[in-house]
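Single chain ahead, written as structure tokens, the form predicted alone.
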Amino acid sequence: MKDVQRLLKKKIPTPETGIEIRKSICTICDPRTQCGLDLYIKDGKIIKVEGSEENPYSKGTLCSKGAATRQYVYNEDRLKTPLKRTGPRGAGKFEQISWNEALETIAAGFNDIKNECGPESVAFYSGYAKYFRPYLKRLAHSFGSPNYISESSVCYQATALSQKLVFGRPGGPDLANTNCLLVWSSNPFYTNPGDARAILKGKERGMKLIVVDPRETPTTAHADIHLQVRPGTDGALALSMAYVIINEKLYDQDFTSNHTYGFEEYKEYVQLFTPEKGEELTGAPADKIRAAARMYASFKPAAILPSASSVVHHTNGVQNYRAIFSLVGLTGNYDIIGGNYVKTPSFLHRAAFIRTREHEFVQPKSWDDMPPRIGADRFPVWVDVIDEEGQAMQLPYHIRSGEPYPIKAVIGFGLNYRMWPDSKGMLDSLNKLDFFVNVDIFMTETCKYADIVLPTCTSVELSELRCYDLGYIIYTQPAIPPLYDSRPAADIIYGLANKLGLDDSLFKAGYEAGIDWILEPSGITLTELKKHPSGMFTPKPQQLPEKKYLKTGFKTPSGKMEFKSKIIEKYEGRPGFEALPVYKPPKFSKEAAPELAKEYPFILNTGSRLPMFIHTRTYRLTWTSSLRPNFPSVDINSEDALRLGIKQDDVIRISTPKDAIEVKANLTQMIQPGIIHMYHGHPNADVNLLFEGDYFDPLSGYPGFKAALCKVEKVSER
């Protein structure tokens, strides 16, 4: 008996203790790949969480967010039942209803709007997590609406847009084989530990590391060269590096001669960006610019590791990233082992080196058979290049204007109105809807404004398919049943498809039948995957050759890599639609708006990752919040703080011409003087209030979250 008690105390899984280990994955932050979880289960409850060593990506490790899985799953803010609003929007007054009533109410409301205004008047939005996106997009299109939109409309898609304009197909960095890695405004030690481990392994074998980042970070600490630029000046730095590479004849002349379009015009344009000019525009020393350009061009193969959104959160963001990705082609590092290697996605943008029918599943109707998507009129390049979705940042304008057709209803899965610039304006727009449904794990501020609220569950309570670029695939099983009366998001989507009466054979067949249909070309079935609860390596991985463009060309209008975009050429004459990757300073900057800068002298940079937070999802967890107890706070350089009489944890006011918020000061030397860095989405200090809704990149519609102007004033001492 004593032995059993000892084993129970130590949470040892044995038949005597009744503790067993079940496998799952963590999707709290849902980056490119998901960390494996070992969940210790006793009497149907998770009592301990560890990293799963079998997972080839995470290899038994967990970050602070994943380590707090139990606090996440069993949080007191969990939604427990479907709810129907009984009071004014925002009052938080709801009554419990059954799932049947909830789904029938939603279906009736959507079908009424469809019959009156057309299916395009209903928008389907996906926030976090991401596993259900293929099913939600199919639901939207099967319903007849082109308006599937997601948080990727302010995250990864503009980075993909930039690469597609240059190459037609994005190429990711081959971290395991590169000899020189250029990390551009990304900090994997906070955002993607798997990439961080790969960087450390690369350094051990002699890989050179160049990091471009306005801040000092754990990643820059390992850099051979750190180019510390001012926010929003990335394009000027890339063009200045190109100046060195071209004029010192370090570029790949065979590639530029035979496989590119617009090289001579690009070559002429970069002559404006000497390293000295680059230093003037970016703040990075000219000698470091030269050294970085020589290192990147000489230590081949070389790769660029971009961020999902840092560079494109600028008013010239896509052009800046086009200039950066042009360096890949300029040096001949595109689609080669160790360079930016092109892998065909298998599922949810990840390549398991298998062929699937994901695209056929998610796109049951052609875009041409539906009305134009949200944002199509304002952002034509987006529509020409991005096949996945509409531009979600245009949702509030579309709701308010009713043009070119009205948006009457929105169903959101994890919709958070604070994600939009001018977040109050977004909330006001949601309140103009006839019908608003939100699906979430927690009772969020946004849920309080919904007409119907549906409770979904976490990744450990459901089954989902995921692929890994390591040639790995997993279909998880629920480690515990869904808590309370919550349901997996996919079950909600399939249930709603049934209530809507959609004539869709794959929805009628059911969730797992749909996944088997998607996987059929690979020869892998769910029956086989279920035998491998930790996942498995694909048995017959596709062999992808280097330089696939030699046979197939590039998926661009010219069939070549484009220094000058033929797609953008169609729209030249519109402001911001230059075919070359033209550099412009941020719209609100000392260079572009000197009079404004006199009153608002600080550069405001928002949304930089912290290791314990991901958007708003882990603020409510005691473990993660204890790691930043003065939150919400803003990072300010110690020299600026001393000049303004600000001490650690003093309350300060951040103001823009749009609005102001008050937060605590976090003094640091990790950022440059004259710049402040603020995390986003906190209900007590919503920094997105400070941005105008039309402060965006004209090509992508992405807000300029990473470079605006503000002033800082001390309010009170701690």
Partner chain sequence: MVKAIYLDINLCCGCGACVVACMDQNDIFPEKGQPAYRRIYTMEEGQFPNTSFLYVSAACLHCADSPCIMGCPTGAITKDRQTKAVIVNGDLCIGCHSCALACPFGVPRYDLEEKMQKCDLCSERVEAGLQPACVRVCPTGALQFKSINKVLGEKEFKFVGNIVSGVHKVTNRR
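Numbering follows the first chain given and starts at 1. Source: prediction; values computed, not measured. Here the rigid core means the biggest group of C-alpha atoms that line up within 1.5 Å when the two forms are laid on top of each other.
Beyond the structure shown, there is the form predicted in complex with the partner chain, which is absent from this document and is the topic of what follows.
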Would you check whether the partner chain, in the predicted complex, lies within 4.5 angstroms of a non-hydrogen atom from each of 223, 597 and 717?
no
In the predicted complex, which of the listed residues (514, 607, 193, 262) lies with a heavy atom within 4.5 Å of the partner chain?
193
Considering the partner chain in the predicted complex, which of 544, 644, 200, 536 comes within 4.5 Å of it through any heavy atom?
200
Any chance residue 51 has a heavy atom within 4.5 Å of the partner chain in the predicted complex?
yes
With the partner left out of view, is residue 217 within 4.5 angstroms of the partner chain in the predicted complex by any non-hydrogen atom?
yes
Using heavy atoms and a 4.5 Å limit, would one call residue 622 a contact residue for the partner chain in the predicted complex?
yes
Partner proximity in the predicted complex: residue 143 to the partner chain, non-hydrogen atom cutoff 4.5 Å:
no
Which of 688-696, 24-32, 648-656, 59-67 lines the interface with the partner chain in the predicted complex (heavy atom within 4.5 Å):
59-67
Residue by residue through 224-262, tell me which have a non-hydrogen atom within 4.5 angstroms of the partner chain in the predicted complex.
228
Take the rigid core as the frame of reference and indicate whether the C-alpha of residue 694 shifts by 2 Å or more between the shown form and the other one.
no
